[in-house]
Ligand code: EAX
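Just the one chain here, the form predicted alone, laid out as structure tokens.
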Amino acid sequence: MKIRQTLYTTVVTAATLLLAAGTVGAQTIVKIGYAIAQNSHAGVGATTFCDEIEKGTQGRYKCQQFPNGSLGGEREMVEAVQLGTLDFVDTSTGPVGNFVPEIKIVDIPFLFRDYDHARRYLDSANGDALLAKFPAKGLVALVWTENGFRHMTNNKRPIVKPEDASGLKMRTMENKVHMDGYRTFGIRPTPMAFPEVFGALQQGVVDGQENPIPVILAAKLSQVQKYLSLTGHVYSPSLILTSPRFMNKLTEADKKVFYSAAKVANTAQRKKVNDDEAAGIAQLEADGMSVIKQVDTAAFVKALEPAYAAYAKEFGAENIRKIQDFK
């Protein structure tokens, strides 16, 4: 009897130890998607985010990346995060206004003066106040990240002033703020998910598109576009999004790890944008693009006056001015 009891105790103890080891050693795989290549600024951000999470949780969490829009366009990935079928997305703000309307204000053309202005505003309490709007919509915004200032490309002609863009059928994001602004330039905006853009340009479905230098590089758009005009017409922020459902599963300590990882990822992503901006134009010229470096910015701003009247009604003139005047 004593031997049987000892044997039973030994078996239970061993089983308990095995279960404990399984719990400690268990690894949770989280999925993160983004629209462009893994060697892009978004890929750098996602890789840094994943590395920091794995390090901060001692390997209990590990990422699986889905670059190149392999899970769909940005809008589809944001929807997947809401539904819980995707854990994270690094997305431009372009489609996010369809989910969190207050975010659309940062997509207004010629709102930010330069990178320093945009980054300092979004990193301030003003940017935090916008991030606080997300949970009510079934999303959690961990951090602002970045795409960069958007420029126009096309296959028809150089664009120096708004009239040069008139009549061009140009791919845009699913973003009413952008589209309303571009119509004042005479552009025919054509909303399209990013995974479809290269083929649409190649086949002539659209004449052009508009994106930051890092995106133009990563997507190899020089292969299907002749002219690049450095219009810098919109600063394009991005975000690392997840869901309240995912965050509520985490311990308080792990939540801190994920938020910290997102901040480190933002720093890495912005650095990659800086690097691409510094070297990208020369690379695109070497790839055969004709780069128009001097555009009539004042004419583009003047053309936007009707759109700005509509933006003032939607967002409040004072709210727009508060961003423009931010020091």
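In case it trips you up, residue 1 is the first one in the sequence shown, and so on. Because the structure is predicted, anything quoted here is derived from the model rather than measured.
Below: the form predicted in complex with the named molecule, not depicted.
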{"property": "In the predicted complex, the one of Val215, Leu228, Val96, Leu241 near the named molecule [non-hydrogen atom within 4.5 angstroms]", "result": "Val215"}
{"property": "Contact residue in the predicted complex, chosen from Val295, Ala268, Ala261, Ile36 - any heavy atom within 4.5 Å of the named molecule", "result": "Ile36"}
{"property": "Check all three, Arg119, Thr145 and Val273, heavy atom within 4.5 Å of the named molecule in the predicted complex", "result": "no"}
{"property": "Heavy atom of Phe112 within 4.5 Å of the named molecule in the predicted complex", "result": "no"}
{"property": "Partner contact for Thr153 in the predicted complex: the named molecule, 4.5 angstroms, heavy atom", "result": "no"}
{"property": "Exercise: Lys104 in contact with the named molecule in the predicted complex, heavy atom 4.5 Å", "result": "no"}
{"property": "4.5 Å heavy atom contact, Arg171 and the named molecule in the predicted complex", "result": "yes"}
{"property": "Location of the named molecule contact in the predicted complex, chosen stretch of 249-257, 207-215, 135-143, 162-170 [non-hydrogen atom, 4.5 Å]", "result": "207-215"}
{"property": "Sequence-ordered list of residues in 69-89 near the named molecule in the predicted complex, where near means a heavy atom within 4.5 Å", "result": "Glu74"}
